[in-house]
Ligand SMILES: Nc1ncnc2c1ncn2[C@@H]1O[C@H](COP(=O)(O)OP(=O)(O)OP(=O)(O)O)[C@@H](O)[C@H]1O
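Take a look at this single chain, the form predicted alone, given in structure tokens.
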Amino acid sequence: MRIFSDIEAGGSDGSSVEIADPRERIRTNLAGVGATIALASARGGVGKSMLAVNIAAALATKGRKVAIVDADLNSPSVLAMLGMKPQRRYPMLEGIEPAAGPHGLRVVSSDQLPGGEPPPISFAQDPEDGANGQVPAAPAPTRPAELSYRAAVSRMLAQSQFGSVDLLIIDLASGLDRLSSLASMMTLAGVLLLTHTSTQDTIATRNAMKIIGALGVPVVGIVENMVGFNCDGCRAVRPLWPEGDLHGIAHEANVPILGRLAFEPRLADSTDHGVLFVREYASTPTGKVLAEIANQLETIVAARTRAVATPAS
């Protein structure tokens, strides 16, 4: 039995599991995956994991097979949002068995560390970014595990036994600094961006689209979260802050806005308590918006996947 914290440093006997060509191994391992998207945001605190689990659940209730990789390795939250308790050990020799979630969802997360509260992971520089291309040696077990983020995520993608799934959602940490590592090791059908509507978030999203474009990965859509609050007295959605021109920026980049989510206290509460909002509150306005976002995403990704698979005449 090998455990997650051994994925780069090797076991106590000094051995290590090597992947000679991570990109090829990932491609082979994900052969049964119909499409893979990354869920990203230019800034933190916008609700990516909330969106990931509700999109996945909305598609799963339609009979789609969906898997999630929680790639926010220091602050994983997907398992908790799905109401799941971490299974604390991974068999690493033959592959990683994803945790089984509601509606058949399959989840791989760094939350599934060996017993007890796991130590934080301190990410060393990737070899291409570090001095002399060297990754520091593994620290003593009593100190934070020091891994290359690229190496950690490549293990999760290359060894997780997802089987046949229609869509794999990779929930990234905030910011785009990890997206380039992900894009270099696998083919993404696209990136779904989540943002607030404030002026600063709009500027950050515009810059994010430029960065993603430079990586050669399409932005399949944008979702706006916390666009306002329901005002009972005026029976309208009032803004939470001055809004930037996100619609103009999206139109200019030819990127669709898939949905706008007003602040919903029940959504925040359900997320904290491991309750799927799209299941428990499907008939609410927010529940319907989340379901529509999932439907649009599925349609766009399917169209892009067909276009890539069909040779140009």
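When you see a residue number, it is the position in the sequence shown, counting from 1. Computed from a predicted model, the values in this text were never measured in an experiment.
One more form of this protein, predicted in complex with this ligand, exists but is not displayed; see below.
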Problem set entry | this ligand in the predicted complex reached by all of 45, 49 and 263, non-hydrogen atom within 4.5 Å | yes
Exercise. In the predicted complex, does residue 267 have a heavy atom within 4.5 Å of this ligand?
Worked result: yes
Exercise. Any chance residue 225 has a heavy atom within 4.5 Å of this ligand in the predicted complex?
Worked result: yes
Problem set entry | Contact test in the predicted complex: residue 243 vs this ligand, heavy atoms, 4.5 Å | no
Exercise. Taking heavy atoms and a 4.5 Å cut-off, does residue 81 contact this ligand in the predicted complex?
Worked result: yes
For this session: Work out which of the listed stretches, 58-66, 37-45, 248-256, 22-30, brings a heavy atom within 4.5 angstroms of this ligand in the predicted complex.
Result: 37-45
Seminar exercise, completed: Heavy atom within 4.5 Å of this ligand in the predicted complex, from candidates 181, 148, 174, 198, belongs to 174
Exercise. Mind listing which residues of 58-73 have a heavy atom within 4.5 Å of this ligand in the predicted complex?
Worked result: 72
